[in-house]
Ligand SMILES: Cc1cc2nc3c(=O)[nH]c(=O)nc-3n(C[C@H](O)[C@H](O)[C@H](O)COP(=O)(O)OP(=O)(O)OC[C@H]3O[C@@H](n4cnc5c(N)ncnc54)[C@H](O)[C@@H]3O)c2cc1C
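Just one chain follows, in the form predicted alone, and it is written as structure tokens.
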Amino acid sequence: MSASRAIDVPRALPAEVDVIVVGSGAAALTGAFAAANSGLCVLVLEKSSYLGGTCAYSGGAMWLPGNHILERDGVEDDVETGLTYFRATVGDRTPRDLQEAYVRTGPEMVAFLADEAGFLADKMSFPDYFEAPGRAKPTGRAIGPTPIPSARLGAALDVLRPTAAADKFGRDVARAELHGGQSLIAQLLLALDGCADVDIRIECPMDSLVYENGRVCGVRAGRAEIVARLGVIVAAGGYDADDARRRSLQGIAGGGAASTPVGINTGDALDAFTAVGADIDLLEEAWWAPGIVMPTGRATFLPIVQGGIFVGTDGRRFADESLPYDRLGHELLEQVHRLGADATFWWVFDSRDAGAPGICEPPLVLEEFTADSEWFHTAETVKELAGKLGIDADTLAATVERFNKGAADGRDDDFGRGIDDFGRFFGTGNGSNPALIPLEIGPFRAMRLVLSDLGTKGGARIGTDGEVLRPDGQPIPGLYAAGGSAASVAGHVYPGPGTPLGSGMVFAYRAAKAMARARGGARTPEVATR
């Protein structure tokens, strides 16, 4: 298959193709398949030794309202309701026509992948993230890839990026069956295998774009200069692994807290865009989330908090811990900006459960932590725990006491925990408010909490077909961006699960179809109203 050739003996790069795709995540491979399916000659360039990008770590959720999979699986949803919700949450931070292109194209792209690639997916039960008009209740409107046997990939399994648990934390993870983002990437690679003229390369970074006579006409990769007759789609992630840039642009420490592959997304795309005069936006933003520091010093992604409380070094809570992870991440970001990039936070919980009271990726294994280390502490009483954390004992004890009293009454008068449907959906308590569970059973524990993210949001500003724009709003001919390399259509917010993957895939799809139309023989993407 095409992906299998990526692990063959290195071959000379082609001198000329129709479309070059930079990156190999869900957006990149969707663009590559849409172009190849239209009869175009496609070259995929991947910087690292693995295919899949950050998507390979993910749950594979895609936020694409009104698609046929939701209808098949009994979810009442339509494009207009989804667009109402998206506009209500994003507002005017991104252009209205860009928002419409994303939401209205989603159903066509899903149908295209199902019909042309045999793509298998199912609804996911995961609520939208804001109480706003058009919110899908009670279980949201995300879809996710159906698990598939890894044997279908053959030798290409060796170049599919491992899960985060294996890749970042060294755990032994079986891959007899591929789930989530692993399945999504695998299904796209299998689709590309059926295309006539696709070349996929690993360990082949783009060094720069070739820009001549006011247009992008190819890329430089090592000693090679490859012509792209129709254009280049850059879907190569953001700059989440560039600590210096993140400290400068976002005011955060970095240091391995991002939940993305280590050392890969270093801002190469951003540098390439800047060199050809692209307009750049949203550099201050990311898909934020809480993270827990593991003994390796790297952070896990903590999307769901079901118990315990978050406190700073003052021993006080600062947010509703049951918020959707990006909203909770923004609360952490506010604290970081107020207290400094190196501020310390803790997740404090009791021993009611054997493990940590939340859903983490990869899952937390308490036995991996050394007690009273830099990242984890345990004590028989709250006051003793406070002493180990360097927090005033009376303050932390008062914070826990106040929280426990509210939990008993089913109320959080400080931050409203459990008011929103999201917190209640994942709550595990048996009282009147399932999101509130008192901290009563020793020993008490604390894990180091950090601001993490699923990647940065800043990149090239794009038009409705993913075309990269100049500061004057005019497109740079021959250049397209999608995924983490494009400024997100969602602006400052994260409307629902799967917005990063769903939007990235849509704009890469639209970019490929635009180039196919320029060549002749492809129809304009439909805008659904169902």
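Values in this document were obtained by computation on a predicted structure and should not be read as measured data. In case it trips you up, residue 1 is the first one in the sequence shown, and so on.
Beyond what is shown, the protein has a form predicted in complex with the named molecule; the following relates to that form.
Trainee: Of 242-250, 383-391, 328-336, 202-210, which is the one stretch near the named molecule in the model of the complex, taking non-hydrogen atoms within 4.5 angstroms as near?
Mentor: Within 4.5 Å of the partner lies stretch 202-210.
Trainee: So, in the model of the complex, is E361 in contact with the named molecule at a 4.5 angstroms heavy atom limit?
Mentor: Looking in the model of the complex, residue contacts with the named molecule include E361, since a heavy atom lies within 4.5 Å.
Trainee: In the model of the complex, does Q182 come within 4.5 Å of the named molecule, counting heavy atoms only?
Mentor: Contact with the named molecule, no.
Trainee: N265 versus the named molecule, in the model of the complex: is there a non-hydrogen atom within 4.5 Å?
Mentor: Result yes; N265 sits at the interface with the named molecule in the model of the complex.
Trainee: Do T464 and the named molecule come within 4.5 Å of each other in the model of the complex, heavy atoms counted?
Mentor: T464 lies outside the contact set for the named molecule.
Trainee: Have a look at G60, G478, G66, P495 for me and say which one sits with a heavy atom within 4.5 Å of the named molecule in the model of the complex.
Mentor: The residue from G60, G478, G66, P495 that makes the contact is G60.
Trainee: From the list G237, G231, G82, P290, which entry has a heavy atom within 4.5 Å of the named molecule in the model of the complex?
Mentor: Contact residue from the list: G237.
Trainee: Flag this candidate site as yes only if P127, D412 and G418 all have a heavy atom within 4.5 Å of the named molecule in the model of the complex; otherwise mark no.
Mentor: Result no, not one residue of the spot touches the named molecule.
Trainee: Heavy atom within 4.5 Å of the named molecule in the model of the complex: which residues of 27-54 qualify?
Mentor: Going through 27-54 in order - heavy atoms within 4.5 Å of the named molecule in the model of the complex - the hits are A27, L45, E46, K47, S48, G52, G53, T54.
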